[in-house]
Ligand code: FAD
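In the block that follows, a single chain appears as structure tokens, in the form predicted on its own.
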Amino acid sequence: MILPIADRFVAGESPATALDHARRWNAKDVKVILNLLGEHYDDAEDVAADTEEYRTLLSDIASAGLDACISVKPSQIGLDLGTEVFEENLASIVEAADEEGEFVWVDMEDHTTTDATLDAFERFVTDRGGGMGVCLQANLRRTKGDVERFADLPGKIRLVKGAYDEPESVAYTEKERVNTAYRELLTTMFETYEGGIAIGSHDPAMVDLGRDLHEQWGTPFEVQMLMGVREDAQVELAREYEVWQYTPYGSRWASYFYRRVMERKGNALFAARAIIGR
């Protein structure tokens, strides 16, 4: 059973609790991206099970009429078993999304998966004519080229700073250099994209930059933030802009919760106070 203090960051263990969470946040004008927790599977049965759950989840989202979509990790749906397995399962999920008229995000993992992820996204989003998005990480040195690569494609790009501990040979490792890269990439996107921009950041400075660039260029955009982080800001922003909350759920919540607690001092203090009952 999920710990009570973890439910700040995880929407329960079942699809039903995740859908209930989406319904509550839709009532606050915040849309929801649902992610079934799981990654780096080396068991084909785990891959098949999560692929099927995503297909069912898409049907449930459509039946409930929710402003929600899904986001999948390549290593969750077979990339560690081979590129062909990953693409076959992604095709199955995309097929289900097409049937229901729903949107599919593809998450980005560490740099060793970038080529396979982007190649698959480019092929599927082109064939589909949209209805998909992919995450790009500002800390990777290659991302300037990837932003340019996808400028004329349908679909959406979620720009994040990057959460993986990457080697300096492929990534910027200093915080301010990552911030500079994020600002430069976001500016390029607003200047050259016709839309499909998702600001995946809790940093008020980056969100403010996006708002300023929108005023300058008129390019449509949305803001994406994690469940449990700056939730008051999510509601406030949703009064004026399109806001999506990235919401994980599932039985593999413990490691995810630990990462959320450790990445920010405020999260750690929240957990500590909850444990000691204050």
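Residue numbers run from 1 along the displayed sequence. Only a predicted model underlies this, so the values are computations on that prediction, with no experimental measurement involved.
The same protein also exists as the form predicted together with the named molecule; that form is not shown, yet it is the one meant from here on.
Asker: Could you work out which of 213, 30, 61, 225 is the residue within 4.5 angstroms of the named molecule in the predicted bound form, going by heavy atoms?
Answerer: The residue in contact is 225.
Asker: Though the named molecule is not shown, can you say which of 197, 108, 185, 97 has a heavy atom within 4.5 Å of it in the predicted bound form?
Answerer: Contact check passes for 108.
Asker: Please tell me whether any heavy atom belonging to residue 235 falls inside 4.5 Å of a heavy atom of the named molecule, as the geometry stands in the predicted bound form.
Answerer: Taking the distances in the predicted bound form, the answer for residue 235 is no, it never comes within 4.5 Å of the named molecule.
Asker: Is there a heavy atom of residue 48 lying 4.5 Å or less from a heavy atom of the named molecule in the predicted bound form?
Answerer: No - in the predicted bound form, heavy atoms of residue 48 and the named molecule never come within 4.5 Å of each other.
Asker: So, in the predicted bound form, is residue 162 in contact with the named molecule at a 4.5 angstroms heavy atom limit?
Answerer: Residue 162: contacts the named molecule in the predicted bound form.
Asker: For residue 229, is any heavy atom within 4.5 Å of the named molecule in the predicted bound form, or not?
Answerer: Yes, contact at 4.5 Å.
Asker: Have a look at 202-210, 142-150, 89-97, 189-197 and name the one stretch with heavy atoms inside 4.5 Å of the named molecule in the predicted bound form.
Answerer: Stretch 202-210 is the one.
Asker: At 4.5 angstroms, heavy atoms only, are 40, 55 and 103 all close to the named molecule in the predicted bound form?
Answerer: Looking in the predicted bound form, the three residues 40, 55 and 103 all stay beyond 4.5 Å of the named molecule (heavy atoms).
Asker: Sequence order please: the residues of 122-158 with a heavy atom within 4.5 Å of the named molecule in the predicted bound form.
Answerer: 135, 137, 158 sit within 4.5 Å of the partner.
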